[in-house]
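Heads up, the chain below is alone and in the form predicted alone; it's given as structure tokens.
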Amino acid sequence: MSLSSIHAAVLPEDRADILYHSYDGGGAEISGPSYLVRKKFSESVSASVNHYVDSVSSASIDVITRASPYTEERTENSLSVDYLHEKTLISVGITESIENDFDATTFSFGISQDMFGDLTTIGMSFALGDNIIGETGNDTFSEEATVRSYRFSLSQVMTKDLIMAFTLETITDEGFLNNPYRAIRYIDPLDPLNYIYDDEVYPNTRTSHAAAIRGKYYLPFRAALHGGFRVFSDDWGIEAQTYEIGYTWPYSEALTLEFNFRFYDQTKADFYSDLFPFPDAQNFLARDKEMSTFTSNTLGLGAHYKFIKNGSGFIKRGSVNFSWDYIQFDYEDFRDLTVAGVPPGQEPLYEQDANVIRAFVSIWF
């Protein structure tokens, strides 16, 4: 839930966005455009459509140690409808994502209610996703997975300057939950590398829980401080905490700057290991670095410029927005196998940096 807009019983304004996004880090490059249009059809009904494209070029550590770099494209289309009745807002939506080896369809439903003089907003939502997983070059491989998400949110105006929000989310996954391209490794003294790769083996169910609390405190001259804390845990043994803090600075009437910092800390899954002692060492086996123990630090900078403030023809307002995040990942038990001539298990620990850029133009009409 956005802290900047806590009143649920308001339909979104008519608006069009054109976005360019880019991720560059760890040998992976992901970029593409996104187009979003929101339109009210009455005082009670509005709808939005979104088209999103990812062009992926990957030579990441997961790829180059076992295969050749690859390129692919993911296309996502979504439609959502909002219905407003007095203080109640109901939202339904569908999203379809297609790429050469993964198709996903997600249905969502949400309801939110303003209470106590519009100072409190309660929201609940549910999403159901059906995924079909394939493998490039293997036409006989086809697996399915189902994702269910349950979310509860509460926002509260504490004082004239302070807004707080709390969210609680549970996600259940069932089906094929690992990546068909990733592999574990185990010790084999007879192999030239002294280890051999084998397929990962994951459980076919996963349940995760997350809770977050966030706040925004408004300062004089339209400035604001915001911060948050989030905890996560699942039945695979992963536990994580996220800490965030940020500052919004209105440099002028037209230009607003933002500064953010986030720290993330995660423990590994119970069945993760960088190097297993022998084949089938346990029932479940994983070497995905996202299942390992790691931390990340994110420094974010943003700028928001209003180039139309009082309307011009059919355009009511317009803004240009830019944000840049620099992310540093440090893995504590995932090793860099690109370093040759090192005994298995003694390779240097892997680390990577990433730059994330988002630039978009918004037009209200």
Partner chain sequence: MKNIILFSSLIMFLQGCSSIEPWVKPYERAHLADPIMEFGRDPISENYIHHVYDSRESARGAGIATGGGCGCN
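Numbering follows the first chain given and starts at 1. Here the structure is a predicted model, which means the values were calculated and not measured.
Beyond what is shown, the protein has a form predicted in complex with the partner chain; the following relates to that form.
Which residue among Ser273, Asn178, Thr248, Ser80 has a heavy atom within 4.5 angstroms of the partner chain in the predicted bound form?
Contact residue from the list: Thr248.
Of Ala145, Leu285, Ile171, Leu84, which residue is found within 4.5 angstroms of the partner chain in the predicted bound form when only non-hydrogen atoms are counted?
Flagged contact: Ile171.
In the predicted bound form, is there a heavy atom of the partner chain that lies within 4.5 Å of any heavy atom of Phe307, even though the partner is absent here?
Looking in the predicted bound form, residue contacts with the partner chain do not include Phe307, since no heavy atom lies within 4.5 Å.
Is it the case that Glu258, even though its partner is missing from this view, gets within 4.5 Å of the partner chain in the predicted bound form, heavy atoms only?
Yes - in the predicted bound form, heavy atoms of Glu258 and the partner chain come within 4.5 Å of each other.
Given that the partner is absent here, does Ala212 sit within 4.5 Å of the partner chain in the predicted bound form, heavy atoms only?
Yes, Ala212 is a contact residue.
Is there a heavy atom of Val356 lying 4.5 Å or less from a heavy atom of the partner chain in the predicted bound form?
It does: once the partner chain is placed as it appears in the predicted bound form, Val356 has a heavy atom within 4.5 Å of it.
Just one of 189-197, 277-285, 137-145, 248-256 has residues with a heavy atom within 4.5 Å of the partner chain in the predicted bound form, so point it out.
Contact-bearing stretch, as computed: 248-256.
What residues, if any, in 16-49 have a non-hydrogen atom within 4.5 angstroms of the partner chain in the predicted bound form?
Result: Asp17, Leu19, His21, Ser22, Tyr23, Ile30, Ser34, Tyr35, Leu36.
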